[in-house]
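Okay, so here's just one chain, in structure tokens, the form predicted on its own.
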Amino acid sequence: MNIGIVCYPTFGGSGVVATELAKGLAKKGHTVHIISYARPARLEAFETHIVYHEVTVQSYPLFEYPPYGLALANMLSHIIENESLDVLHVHYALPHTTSAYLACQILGDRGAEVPIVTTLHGTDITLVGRDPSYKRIVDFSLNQSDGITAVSEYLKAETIRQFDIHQDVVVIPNFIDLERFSRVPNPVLRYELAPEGEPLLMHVSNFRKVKRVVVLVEMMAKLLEKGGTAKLIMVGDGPERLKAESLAKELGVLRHIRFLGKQEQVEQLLSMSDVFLLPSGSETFGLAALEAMACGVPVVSTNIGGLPEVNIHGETGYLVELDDAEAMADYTLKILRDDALKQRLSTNARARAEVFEQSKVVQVYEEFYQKCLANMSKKKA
């Protein structure tokens, strides 16, 4: 098949999943066209059967905000026509689904031959989409899709609850490359991160407010108060980083925390970790947790959104309530102080991650594309 994939290029879950899906489809012989306003973070090198198309948005004095959605629709209409796309798969509803629909309308009969598949990832539904400024257009755009998928049962339920959807929402979870994300010991790197032999705690995110990175600083202070010792490695960057650094200095724990900024090869860092921490206020799946689990790292996360579908309490790690820094510190210490427990959680974490192995989920997407194409043929008949 000739497949178009539209995504945001950021380090967030939707861009990562879209890019890794493209790689998985390309390995199976499909030609994949990735369309985005910048090269996606996970599209690091040349990939056979993957073509990248950059959406260029012209800036004019008239426009306070450049019309990305219209530029995308225009480019999609050309790609559908020139590349003979069979399926157009958009990740994140706004504005991608709307732009895809407009592109197909521009092409008339040719556009009507191309099914639009929309994958919902989270804030496009739970935050942005339900805003009165956008809700009606999200309702309309989703109902123009030929197939809708969500990355968790939680997100499916939220979509059905908040929007007037006239078709089924199919859950196809996020997935993991188990070869890339596996535990590979590196004593030299471990020593560089924790020269005094401290246990390593890891967090990876985009440091937005919803990620609650300041809670991790509070957690570190409590862990040290309880007689624990550890080094907290903070990977990523974003608007809350300065606040977290300032709080760490204020609480006197800055020397126990290292802020590494954005890192490409996070699997190397995860392989050094003893516990992965995810205190998010909203997670529709928890891809960062899954990547840690694939590296055999127990997870302590909030009991929120889709996280309980990934991180099983007492089996792969522990779940705590939102902003409960003390409970997070207690569970972290429980893992660090019991080697047998840590090993059991580590083994279970890897086994749980194997349920979400990449090729299994890529096949589900292939079957979903074929179903959408078959349904379109039935409608024509």
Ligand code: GMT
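When you see a residue number, it is the position in the sequence shown, counting from 1. Here the structure is a predicted model, which is why all the values come from computation and not from measurement.
Missing here is the form predicted in complex with this ligand; even so, the following discussion is about that form.
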This ligand in the model of the complex has a heavy atom of only one listed residue within 4.5 Å, and of 110, 249, 208, 183 that residue is 208
Of 90, 300, 151, 202, the only residue with a heavy atom within 4.5 Å of this ligand in the model of the complex is 151
Since only the chain is shown here, I'm wondering whether residue 285 would be in contact with this ligand in the model of the complex (any heavy atom pair within 4.5 Å). yes
Examine residue 358 and determine whether its closest non-hydrogen atom to this ligand in the model of the complex is within 4.5 angstroms. no
Although this ligand is absent from this view, report whether residue 17 comes within 4.5 Å of it in the model of the complex, heavy atoms only. yes
Since only the chain is shown here, I'm wondering whether residue 279 would be in contact with this ligand in the model of the complex (any heavy atom pair within 4.5 Å). no
May I ask whether 13, 123 and 174 each come within 4.5 Å of this ligand in the model of the complex, counting any non-hydrogen atom? yes
Just one of 100 to 108, 216 to 224, 114 to 122, 75 to 83 has residues with a heavy atom within 4.5 Å of this ligand in the model of the complex, so point it out. 114 to 122
